[in-house]
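A lone chain, given as structure tokens: the form predicted alone.
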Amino acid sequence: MPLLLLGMLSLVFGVAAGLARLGADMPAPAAALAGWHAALMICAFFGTVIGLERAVALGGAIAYLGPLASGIGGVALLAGLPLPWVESLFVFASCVLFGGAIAVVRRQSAMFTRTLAVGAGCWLAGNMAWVTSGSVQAAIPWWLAFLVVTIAGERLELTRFLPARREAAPLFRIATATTLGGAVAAWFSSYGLMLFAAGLFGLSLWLLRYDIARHNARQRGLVRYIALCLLSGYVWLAAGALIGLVGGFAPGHPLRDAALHAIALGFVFAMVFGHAPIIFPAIARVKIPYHPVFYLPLALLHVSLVIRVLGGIGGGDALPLLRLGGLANAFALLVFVMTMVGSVLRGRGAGRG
């Protein structure tokens, strides 16, 4: 739980820093972190949560050093400690995650374990790109690949419960290889980012076509809720990739905010919303019983993101719309956290009853 709280601290300041980037009136400490929004959200928050999830699965004290390092790295960033200290902590955390993923592959070599290892390697590559270039922008494609490939690997594991389709595995490899190839090529040419976007679009189509979520959407209760979270997230991944195909991933491009947040918010947080009732009980040892109110933050997330993307596409004249969408995004995340906390309290009450 303390490691999870470290990650949540970075989430709070990361969201506030993001709002400051949009020009919202934020407290001075959050406004001063505006330039570190991506590092707080991806390295300090998602790095800690994903690292913690893997540490729980692997067991052993060494596995917990990764999320501990990324959690402390987030605190170091908030405290304004020297940047090399922060970078070193994130690099160490990604090394632990990558090393753990390799250990899992050696224990069970399967397509999904190898994919998860590739995802962890993307985080390490992104951190090294940040360290060597001195620019967070150089890390962005790799950090996005870290999240997308990791999620795709986790979903790939569950497709084992579906009838095997001969074309599925080759198509998955092609989409993943295209994504990674684009991230590498982005070092040398702006066209690399379009190749990167093409890979992400391929992964979105693969997930929409082959993920078990399509089947589970016909179920009821929590299973249906998770499936709808996933399917809606895949649509946002496709949307972000399409915006990227017209240049939206390039630094300074007018559509960059729309492209990045369609994926980082629409895709990744839809996955968080869907998996939270399963993952957080395993991490925090609490019950999160399903309730239809779970759909409220999901609906708020999607509606607010539509507003934000429209504001991004609209350009300078639509800046108020972009800012409104950003504020509504933050409200959706707050409602989600409150919904989860309320569900935990409800689960404890039911347990005592």
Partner chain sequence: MSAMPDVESVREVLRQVIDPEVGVNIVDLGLVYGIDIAPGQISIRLTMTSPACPMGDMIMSDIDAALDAALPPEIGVVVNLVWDPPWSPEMMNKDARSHFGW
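Everything numeric in this text was worked out from a predicted model, so none of it was measured. Residue numbers count along the first chain shown, from 1.
Beyond what is shown, the protein has a form predicted in complex with its partner chain; the following relates to that form.
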| request: Work out which of the listed stretches, 152-160, 82-90, 202-210, 240-248, brings a heavy atom within 4.5 angstroms of its partner chain in the model of the complex. | output: 152-160
| request: Although its partner chain is absent from this view, report whether residue 54 comes within 4.5 Å of it in the model of the complex, heavy atoms only. | output: yes
| Taking 4.5 angstroms as the cut-off for heavy atoms, does residue 291 touch its partner chain in the model of the complex? | no
| Do residue 216 and its partner chain come within 4.5 Å of each other in the model of the complex, heavy atoms counted? | yes
| query | Does residue 302 reach its partner chain in the model of the complex if we count a contact as any heavy atom within 4.5 Å? | reply | no
| Since exactly one of 104, 147, 118, 198 fits, which has a heavy atom within 4.5 Å of its partner chain in the model of the complex? | 104
| remark: Of 140, 124, 226, 264, the only residue with a heavy atom within 4.5 Å of its partner chain in the model of the complex is 226
| message | Using a 4.5 Å cut-off on any heavy atom, which residues of 264-278 would contact its partner chain in the model of the complex? | response | 275, 278
